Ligand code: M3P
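Shown here is one chain on its own, the form predicted on its own, set out as structure tokens.
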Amino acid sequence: MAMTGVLRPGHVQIRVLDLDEGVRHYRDVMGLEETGRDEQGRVYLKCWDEIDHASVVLRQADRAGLDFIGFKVLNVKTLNQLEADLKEYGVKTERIPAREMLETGERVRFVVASGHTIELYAEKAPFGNGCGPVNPAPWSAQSERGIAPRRLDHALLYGPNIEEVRKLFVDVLGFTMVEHILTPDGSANQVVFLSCSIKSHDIAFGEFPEPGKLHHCSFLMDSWDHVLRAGDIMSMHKVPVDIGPTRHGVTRGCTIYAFDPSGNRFETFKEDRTPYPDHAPLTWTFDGLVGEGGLDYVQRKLHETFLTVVS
């Protein structure tokens, strides 16, 4: 598939209550590589197989959660066109200057109806994955450090008005809806899974009364064995686990949900679907989250925390 617009989730800025604890978790337990610190005190990190400078930015704050998620687009021409399309759609945008984030070009920022701040950007300095650009090795020493996810994979965000958000992502940004979970009465969407690639989702939104909430940021693992190894490392470091190890019925992904020291949920996730844009979206009823194993395929259980605990 020719990818000509929005390419992938590129970065998240996560609020942590204690920066040192946050760095220890994401760098030493998760195994992300620290790539810089800026004058604002933010810490930049990347997963081992990511090429660009940073995908996770930590900022100390008095409450946990997500400041924003950014998506990389093909080039500056695409960035300009998408900003024009957003404005024509009635969305107010803001240009964030180049280098406001380390090694990152201009960003187009806007707020969607769920209360979340979204960014688009075209330029970020390459950092490399340690394998080399010519005759590269299949993995590097960094890929064996800590949990060692391959990349930032997606985020699930909770807030109101997700149907408006779905329309914007599909009609303006070119995403496809891959799967959706219906409300208990079947009249609307409870969760929508949206992709700009052939992944099960690059971002998802869940209907929730409070705006701007983070459900989880997800990190891609190489295999089910790597998900299980992640669980071992979480136990060794006494990381509080929420759900798993298990498999989702929705997306088919193998998963563990857990919490960082500030209470931000994160996921170690093994992708198991390659839906193309011409594939019809899969539908899950709310009852299917339990009886058909939509959330937890192994236990066929609806974990209450999945619906209620956010940051």
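Model, not experiment: these values are computed from the prediction. Throughout, we count residues from 1 along the sequence that is shown.
There is another form of the same protein, the form predicted in complex with this ligand; it is not shown, and what comes next is about it.
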Could you superimpose the pocket C-alphas so that this ligand sits on this ligand-free chain as it does in the predicted complex, and then tell me whether the site is open or blocked by the 2.4 Å backbone/C-beta test with a threshold of 3 atoms? open
To test your reading of this chain, name the stretch in 251 to 259, 30 to 38, 58 to 66, 43 to 51 whose heavy atoms come within 4.5 Å of this ligand in the predicted complex. 251 to 259
Any chance all of 193, 201 and 295 sit within 4.5 Å of this ligand in the predicted complex, going by non-hydrogen atoms? yes
Does this ligand come within 4.5 Å of any heavy atom of residue 181 in the predicted complex? yes
Counting only non-hydrogen atoms and a 4.5 angstroms cut-off, does residue 269 reach this ligand in the predicted complex? yes
Please check if residue 14 has a heavy atom lying within 4.5 Å of any heavy atom of this ligand in the predicted complex. no
